[in-house]
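In the form predicted on its own, a lone chain appears below as structure tokens.
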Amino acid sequence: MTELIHDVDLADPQTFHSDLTDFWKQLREHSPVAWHPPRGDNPGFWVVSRHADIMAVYRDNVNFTSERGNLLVTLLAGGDSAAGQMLAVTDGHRHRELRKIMLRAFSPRALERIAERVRENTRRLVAEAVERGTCDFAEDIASHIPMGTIADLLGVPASDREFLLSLTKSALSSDAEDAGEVDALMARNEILLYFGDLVEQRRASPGDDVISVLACGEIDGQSLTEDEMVLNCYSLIIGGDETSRLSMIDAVRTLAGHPAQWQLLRGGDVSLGTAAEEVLRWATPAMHFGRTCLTDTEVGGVRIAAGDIVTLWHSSGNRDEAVFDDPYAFTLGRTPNKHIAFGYGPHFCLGAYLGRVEVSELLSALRTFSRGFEVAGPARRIHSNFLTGFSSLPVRFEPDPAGLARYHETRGASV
């Protein structure tokens, strides 16, 4: 298996334009904790491919840390400048306290209000697209739902959302293969500058949004610094947009190619919640996360040295034959479904509930307003070693006149 890992460069975004199914199968079977050798200026790192081993590392915040980076782009660069300030790359006491502060903005009352907006926005966008007959699903629908959700939570003005969307699409991935790290760095800096201005506004005039919660938050009697507030806004806007958007796009592309599953969904033979979990498992838009080993330890019986980089591959774990029956089948009624699309352990995704709501509402709107749909042109894949999915997906719909009529009657009655 040494030869296998030598033939694949997991740090190169181009690698993920190929089908890695056999690669991951072979690693899980023969070398589930494999050493990825150094290439060029990049140091070597461990590749963990089995579900159980991934979960074990996520649970272990004694031997592993996220404070030296949690993605290949930062781990290979030697660290993350946001460590100890941004929730995703902070551990221990400060992580727990910072998470508590941010969870105040995710109260049941706030989430209920946001979920209703997700439902209204999703139904409107899908109904309009179905009535037009064709659309670029990625651009016309999926780009607007998650961004609207997280922007509502953060209190981002409607007039700024298109600008932020363009930046988030460049921060961790790109539509173009020739886009370099400088473009991504500039996009990330633009996002940070934007939230720096918004934090100042909320400090002067707080509201009930996440930024205001951060502005009023304290850890051990000390107010959060401006850097902490800005970096956590950045983390939420990136995480809240990318995962759901790419999952939605993949859902439509996959359902178009699995007519039997679409009919089960449309006929109500599977619940929306169960179907959404399978969509998330199948899409797995965040391919990996990573940790740095703090002390000599073992993962899956393999010795890991202090200082080593350990990468956890969701794209393999969510196809693990030991956990999922027939893992390469798209099965909307799959139960149980112990996928790790939202991570696991202390760093489990803060926005998992909203991500599930967004995917469920999309599936609901599709089966209400459309009898079916097909991919109407080439889908354009994004370019990244962290995220996988599509930035363009032309779709042609067959409308459901009865569902659309009921929708318009309901809207008319509520005006």
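Numbers follow the displayed sequence, beginning with 1. Here the structure is a predicted model, which is why all the values come from computation and not from measurement.
We do not show the form predicted together with ligand HEM, though everything after this point is about it.
- For the candidate set Leu255, Leu280, Ala105, Leu164, a heavy atom within 4.5 Å of ligand HEM in the predicted bound form is found for exactly one residue, namely Leu280.
- None of Ala56, Cys349, Ala379, Ala34 but one reaches within 4.5 angstroms of ligand HEM in the predicted bound form through a heavy atom, and that residue is Cys349.
- Every residue of the trio Leu153, Pro285 and Phe342 has some heavy atom no more than 4.5 Å from ligand HEM in the predicted bound form.
- Note on the interface: of 262-270, 136-144, 289-297, 183-191, the segment with non-hydrogen atoms within 4.5 angstroms of ligand HEM in the predicted bound form is 289-297.
- Within 4.5 Å of any heavy atom of ligand HEM in the predicted bound form lies no heavy atom of Val126.
- For Ala88, a non-hydrogen atom is located within 4.5 Å of ligand HEM in the predicted bound form, even though that partner is not displayed.
- Mapping the unseen interface onto this chain, Thr122 falls outside it, with no heavy atom inside 4.5 Å of ligand HEM in the predicted bound form.
- The closest non-hydrogen atom of Asn70 lies within 4.5 Å of ligand HEM in the predicted bound form.
- Along 220-256, residues Ser235, Leu236, Gly239, Gly240, Thr243, Ser244, Ser247 each place a heavy atom within 4.5 Å of ligand HEM in the predicted bound form.
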